[in-house]
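Take a look at this single chain in structure tokens; it is the form predicted on its own.
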């Protein structure tokens, strides 16, 4: 089924654009990465078709292909500003849906060695309902001229043609909503199908080289429930941070709308229980007492939902010499991160801005593959440093030394507000990791103060 919702009204900054040099782009996946990518491509292609295996309607909020929508999602300040650049007015729309920003210092945050300092960091977070966010983005994207959605379409293969300089990808084939085989021709195919992307298998089936991967054999699990805040309650956002290898349990609680709070319990290498008593017992096992109060005092508004994922995987497409031209990979299909650090959506938004800059300079789309590692490398190294000690057999000496240093920083953060500010500014992608190499930081690590 082909859909083009919306009244066609052009939002400020989204219309009046010159059409580019190509006719048709196909985007695989109608999730966050796919919608942001389609928004960028709409400025440069006469037609953009987003294909999605799920059946999606205008009001769809929950769908089978987005099980993580039931759990806490965070947009960092850089992610919100990127969304606003792509979709002017989106910040106000999110606010009307109840996703009001709050500073990190407003959270009751338990670090591995004590409470986070109550120091304003000017690092606002926004906690949208993931399904609602996708619906807002979908409506905006499908209101753009030339953009359409083919829902219920399952891509099964790439359309490839050999050439003197390597293969050319000129479309996709699969089964449409009526169950019939169909082929979609395209000048560009973008794989935005998420962490379960089947692109390596499609390349292998066509006799093409497949990317090597950097990954950790780590399982992160989430169990979440939506609660109504009691009338007399004064809840505030809360977090408990995991740390390898000793602190495997964590949690986050954020407001989705006035009076509606989402509580996600997390486990590294373990799954928080999904039954009533087990959920409460797990919350009570945390050092941050706010989580048991959420569960005890709040009125449940949803079932308990669970989700497990293998985080931290980077498929190195930029190192394949024979990647078909006309094919790009974006979002979690390219590189995915441990959701516990709340960086994923922001990093995807930064990839969309990169693609936008490259196309605005009239560079070939293939420049994205060579350039995107610059967006990924810093958060990837931080994620690896944070998680490698869950899987020490996977780390080399350099990785373990970096992990030890990061652990020391996190240990000292409760007793050192300046260090805490530097560290979390890096985690929030607001400062370069190089800021942690400042002589004052290294001196404090050499002579650490006892954590509170």
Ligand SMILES: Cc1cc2nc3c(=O)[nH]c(=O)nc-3n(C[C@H](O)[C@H](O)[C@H](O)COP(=O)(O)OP(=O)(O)OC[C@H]3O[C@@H](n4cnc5c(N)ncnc54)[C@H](O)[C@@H]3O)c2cc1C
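Every value quoted in this text rests on a predicted model; they were computed, and no experiment measured them. Residue numbers count along the first chain shown, from 1.
FYI, the form predicted in complex with the named molecule isn't displayed, but the following is about it.
Identify whether the named molecule in the predicted bound form is within 4.5 Å of every residue in the set 38, 171 and 326, based on non-hydrogen atoms.
So, no: the whole triplet misses the named molecule.
In the predicted bound form, which of the listed residues (314, 294, 368, 202) lies with a heavy atom within 4.5 Å of the named molecule?
Of the listed residues, the single hit is 202.
Scan 417, 395, 65, 407 and let me know which has any heavy atom within 4.5 Å of the named molecule in the predicted bound form.
Here the answer is residue option 65.
Taking the shortest heavy atom distance, is residue 98 within 4.5 Å of the named molecule in the predicted bound form?
So residue 98 does not count as contacting the named molecule.
Any of the heavy atoms of residue 339 lying within 4.5 Å of the named molecule in the predicted bound form?
So residue 339 counts as contacting the named molecule.
I'd like to know whether residue 243 contacts the named molecule in the predicted bound form, with contact meaning heavy atoms within 4.5 angstroms.
It does not: once the named molecule is placed as it appears in the predicted bound form, residue 243 has no heavy atom within 4.5 Å of it.
Does the named molecule come within 4.5 Å of any heavy atom of residue 423 in the predicted bound form?
Result no; residue 423 lies far from the named molecule in the predicted bound form.
If we take heavy atoms and a 4.5 Å cut-off, which stretch out of 354 to 362, 341 to 349, 297 to 305, 182 to 190 is in contact with the named molecule in the predicted bound form?
Looking at the other structure, the answer is 341 to 349.
Scan 150 to 183 and write down, in order along the chain, each residue with a heavy atom lying within 4.5 Å of the named molecule in the predicted bound form.
Sequence-ordered list: 153, 154, 155.
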